[in-house]
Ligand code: UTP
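First, one chain by itself: the form predicted on its own, in structure tokens.
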């Protein structure tokens, strides 16, 4: 079997132009080679080489296909309408049909924090609070209000799974019922260099990277988390990031709006600070909801004003999304588009020597959560407010940094 497997791997590598790995395999002992062979047999070469081919194609947007999208401004909804929406949302939560997913696969690299991003401590009120702790506070408050325990699903990366689990256990889940906390892992894709060659990592395996937050849907299904949700009778799922300290994970107005509008997906937005702000914005493309990246929105359109004197394309996507369980199942079976990012990655060459490149040398492929929106005819968008809904911790200094998040958090809770 060993010889047959090795031959199968060699044939696969030759067929897909990866001869450097065949050479590298000659530097390995039997155990190392077997681990690498097992990994190679799990790689979808057709997919990865297709993604590589796409790096050579130019992406173009036809302006005529883009139109502004309808939204509801939370500030302008009448109090009677708001309580009507809230009661629709509350009914779902109190009948235990609501779950929350937190995407926590990132490391705190940009913050110069070692460890999973959720373990970063924000200096609030002098003693500080971890990002995970801030989210748990938000969930505990909702549980108390609605007399339930909301199931909480945390998506980690493969590399930070153990560390996240240990951290939460060490802190006794900050008082959250651990029977309602489920950790699952994000999918990964191989890194590929500018010539279409797979990279080998220091661990003598093909180098992989997380497949982006758009991989959440497939990961929910393949990990068994989706089946767990169905078993619990969940109908609506909120998906958000770990780093927004003002994230409202159980917003009954947003949930009620989605139910009233009879849609399968909903999202909260905030107004762009200015036409040039580097954020993705909601629009309709070819009649379907879409988030268009700031790099892809023509400048003329970014500056366009509507009849109310507001930006026509001014609704920013802030990773505050709601899906029916059916929507998640549907998306999980689709292949979303992948975006490429050229990054600098060290690797082992075919002789096992470590190479540390000076410049970006390899492509990382990621799907984004909003790439799933065009699979649906419509989306309910609730416009929130930056000072109430959006205080991300992304950069070490300046915009969206611990300092700005601390200020917004303390101001909101005082």
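If you're wondering where the values come from, they're calculated on a predicted model, not measured in any experiment. Residue numbers count along the first chain shown, from 1.
Just so it is clear, the following notes concern the form predicted together with the named molecule, a form of the same protein that is not shown.
Exercise for the section: Select from the listed residues 121, 344, 194, 110 the one whose heavy atoms reach within 4.5 Å of the named molecule in the predicted bound form. Expected result: Checking each option against the named molecule in the predicted bound form, the one that comes within 4.5 Å is 110.
Practice task
Tell me, out of 389, 371, 366, 378, which residue has a non-hydrogen atom within 4.5 angstroms of the named molecule in the predicted bound form.
Solution key: Flagged contact: 366.
Practice task
Look up in the predicted bound form whether residue 289 has a non-hydrogen atom within 4.5 angstroms of the named molecule, and give yes or no.
Solution key: No, residue 289 sits far enough from the named molecule in the predicted bound form that none of its heavy atoms falls within 4.5 Å.
Exercise for the section: Please check if residue 212 has a heavy atom lying within 4.5 Å of any heavy atom of the named molecule in the predicted bound form. Expected result: Yes - in the predicted bound form, heavy atoms of residue 212 and the named molecule come within 4.5 Å of each other.
Practice task
Verify the contact flag for residue 186: yes if a non-hydrogen atom of it lies within 4.5 Å of a non-hydrogen atom of the named molecule in the predicted bound form, no if not.
Solution key: Within the cut-off, so yes.
Practice task
Report yes if any heavy atom of residue 394 sits within 4.5 Å of a heavy atom of the named molecule in the predicted bound form; otherwise report no.
Solution key: Yes, residue 394 lies within 4.5 Å of the named molecule in the predicted bound form.
Exercise for the section: Look at the stretches 194-202, 78-86, 239-247, 168-176 and give the one with heavy atoms within 4.5 Å of the named molecule in the predicted bound form. Expected result: Among the listed stretches, the partner-contacting one is 239-247.
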